[in-house]
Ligand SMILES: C[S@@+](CC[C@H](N)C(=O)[O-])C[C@H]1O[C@@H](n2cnc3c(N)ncnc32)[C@H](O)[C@@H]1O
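Here's a solo chain for you in structure tokens, the form predicted alone.
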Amino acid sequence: MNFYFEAAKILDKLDKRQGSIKGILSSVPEKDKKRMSALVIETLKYKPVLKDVISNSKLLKEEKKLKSENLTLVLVHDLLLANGIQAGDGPLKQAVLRHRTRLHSEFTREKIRHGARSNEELAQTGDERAGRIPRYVRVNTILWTSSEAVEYFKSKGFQVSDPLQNQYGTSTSHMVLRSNPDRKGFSEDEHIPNLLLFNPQARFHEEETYHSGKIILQDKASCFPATVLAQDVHKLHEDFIDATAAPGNKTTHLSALLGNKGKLFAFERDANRFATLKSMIAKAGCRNVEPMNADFLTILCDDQKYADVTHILLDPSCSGSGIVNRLDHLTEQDKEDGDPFKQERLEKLASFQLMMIKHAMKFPSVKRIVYSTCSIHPTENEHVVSKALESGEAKLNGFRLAPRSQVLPNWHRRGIPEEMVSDGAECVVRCSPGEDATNGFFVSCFVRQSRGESTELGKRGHLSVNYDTDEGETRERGEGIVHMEKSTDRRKRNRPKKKRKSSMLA
């Protein structure tokens, strides 16, 4: 019965909007994750119907021992839609079983009322845009090459062709050779090296190359941050930081781009997510990664351990509003933009995201910072970047946005001009769900300019817009939003005052 109690707790957290489904489930111990995910997700899919069944059967009114609605939901789900309640014959199980006949009868009435010919037709469906996104498979070049991967999949019956061409009549890749009537086509991505595209319905979780770490299932847009960050690496002694590393997709990608050399510090504060991160790093064969079970924001910027850190990857907690195949539509969390609760949450997330950027800018040797989100909201994207550029940290340390030529120059969709200061929109990247064959995403890159560049750009008078920053800062780590006080930053209080430089856009 403990398993059902834990499932009910997850549903309670979702009801209280303490995180996304994916985020909360990521903290479940690995041995229970698959079963727990299935129960929680399937319960959510049938939640409206199950609530009507429970209400009409008067189960909660007649069984006073059932005090938790969510516990009742998962128990009734397994009674009606699975192989029965998988628990010992305790009082709670017996309370549900006493109403077994009535529950089945009410469930049948619901099928009739909805005109459903099968149980599946009662389930809530997902976002249809997910069907227009290929199944992306990143080749882990630490363990083998892309050419080896291509030959391997050909030997498995796949053919080089557009995986979506037959489905939508349009090409998604430069490598189209022929039509794909049997959904066994795949191609190489035109923007990201070592990334393969398969049909959206292709499954790889049982594939040997997945379990061995040779392939990593990672959305195309999620590959953008590491690609942008590592493009200027020429010296192997430079150190990198992935500030919010779990579950490890971007960490392992960055490790591969560095040729498994140098040093990459990967931070994750949550113990369960840290265990997942370590497991993924080991499976991917990453020898240059040092996983750190710590909060990036608590790291002293002047610690000698990080004296050679020149590149920092920031992909902090966000609303996740760009992920179209996420299941949070099941929790009714996606309200209208005018919803006060949603706006308040976005502002808190943005405050935390800004804090992360400003902390990264304090590292003495850092020269390149990539900030990304899987959000579509300007509040978390263009607004955060604009405020970061106007911050004291950016001005003091001479940070500006990298020019378009350094941030996926061939990608067509850029930032929203009216949401950015000056001409900065061309310097950042956006992905639009449903239009770009990816999930929604945002990527920006800050670079430290030399003193000469700072002086020259200062004469041009860029960035005239001022933003007021919020003194109350927040962070979200799957368990909800926690308030933080900037006044606790010892380094800021003790740092001697310096003359600030001007911060400019490229």
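Keep in mind the model is a prediction, meaning the values are calculated, not measured. The numbering used is simple: start at 1 and walk along the sequence shown.
The same protein also has a form predicted together with this ligand, omitted here; what follows describes it.
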Looking at Ser321, Asn140, Ser317, Ser161, which is the one with a non-hydrogen atom within 4.5 Å of this ligand in the model of the complex? Ser317
By the heavy atom within 4.5 Å rule, which residue out of Ala360, Leu401, Ala245, Ala221 makes contact with this ligand in the model of the complex? Ala245
Phe296 near this ligand in the model of the complex, any heavy atom under 4.5 Å? yes
Lys250: touches this ligand in the model of the complex, heavy atom cutoff 4.5 angstroms: yes
Can any non-hydrogen atom of Glu380 be found within 4.5 angstroms of this ligand in the model of the complex? no
Even though the partner isn't displayed, in the model of the complex is Phe352 close enough to this ligand, meaning a heavy atom within 4.5 Å? yes
Heavy atoms within 4.5 Å of this ligand in the model of the complex: which of the stretches 104-112, 352-360, 283-291, 304-312 has them? 352-360
Those residues of 265-298 with a non-hydrogen atom no more than 4.5 Å from this ligand in the model of the complex are Phe267, Glu268, Arg269, Asp270, Arg273, Ala294, Asp295, Phe296, Leu297
